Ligand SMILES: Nc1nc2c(ncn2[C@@H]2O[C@H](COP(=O)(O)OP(=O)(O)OP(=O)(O)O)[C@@H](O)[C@H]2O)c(=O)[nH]1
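For reference, the chain that follows is the form predicted on its own, supplied as structure tokens.
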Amino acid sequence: MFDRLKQAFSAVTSAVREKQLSDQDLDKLVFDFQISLIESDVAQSVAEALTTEVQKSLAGAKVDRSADASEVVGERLAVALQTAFEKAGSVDLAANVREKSKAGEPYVILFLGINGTGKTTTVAKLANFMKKNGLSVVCAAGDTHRPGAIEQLTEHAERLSLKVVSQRYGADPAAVGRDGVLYAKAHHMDCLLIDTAGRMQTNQNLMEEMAKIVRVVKPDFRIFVADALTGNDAVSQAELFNQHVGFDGAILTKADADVRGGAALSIVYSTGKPVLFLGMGQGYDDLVPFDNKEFLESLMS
């Protein structure tokens, strides 16, 4: 996993280690690194920012010949990435749910993202995660547009012995979310997970719909769900949702098949929001907490 991104970083430090770099060599190396990042599904704006950091690092390494240049490059790259990931931070959702439940209130999580990313299945996976952490969960079927969406969530919930709050197709998703909140409060549930629509062919309408749900439901946490294999598209979608609706963290699906890794890096770097989990398969247990430190160490090793 993330093999292409690791190769892009290791190629830079190897090039510095192997020879004295002229200005021409440096320009070519930085350009090649930027292309490698983009090929690894790193967003262009992020690739440009990182290559700028690389160029500064390499310039410093050329001046100080008493140091191992490759180590200098690695350290500067690590600092740039670590700063971005530290700014995004990390979130312990189960702890957040427990904290709010002490006050007798359900913790409301709203899921955002386009159709086809595995959003509904991710709702089920997170519900399973909460149950395994000893928390009570109810789901709300807020996607009232996509045919089969309500049935899909209901089937997942039945397998996990969970309740789904739903209305008819065409109903106001904000009203479904409100019903979910009322049910969660009345039944003293710890957590409410709200599924939503993701019709990218009507961007403006979708964003307005999501914004209305946020106004009505006032979720405690908003999760953006992205398909790791879509690379730059995932980053564009993240920036769109963050700009118009805002989100607090991301989950990347199909990460078990992602050998590039650019989506995780780009979402954190471009939005300043943490990646919470990686979807690593089709099973309900295949939701793995994302480890910032482990991810960065794997890139720089």
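This one's a predicted model, so the numbers in the text were calculated from it and none came from an experiment. Counting begins at 1, following the sequence as shown.
Not pictured, yet referred to below: the form predicted in complex with the ligand.
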Given that the ligand is not shown alongside this chain, does K254 nevertheless sit within 4.5 Å of it in the predicted complex, heavy atom to heavy atom? yes
Look up in the predicted complex whether G281 has a non-hydrogen atom within 4.5 angstroms of the ligand, and give yes or no. yes
Is there a heavy atom of K163 lying 4.5 Å or less from a heavy atom of the ligand in the predicted complex? no
Does at least one non-hydrogen atom of G116 fall within 4.5 angstroms of the ligand in the predicted complex? yes
From T121, T144, N128, T230: within 4.5 Å of the ligand in the predicted complex by heavy atoms is T121
Let me know the one among N96, Q167, Q82, Q152 whose heavy atoms come within 4.5 Å of the ligand in the predicted complex, would you? Q152
Tell me which of 231-239, 263-271, 246-254, 31-39 has residues with heavy atoms within 4.5 angstroms of the ligand in the predicted complex? 246-254
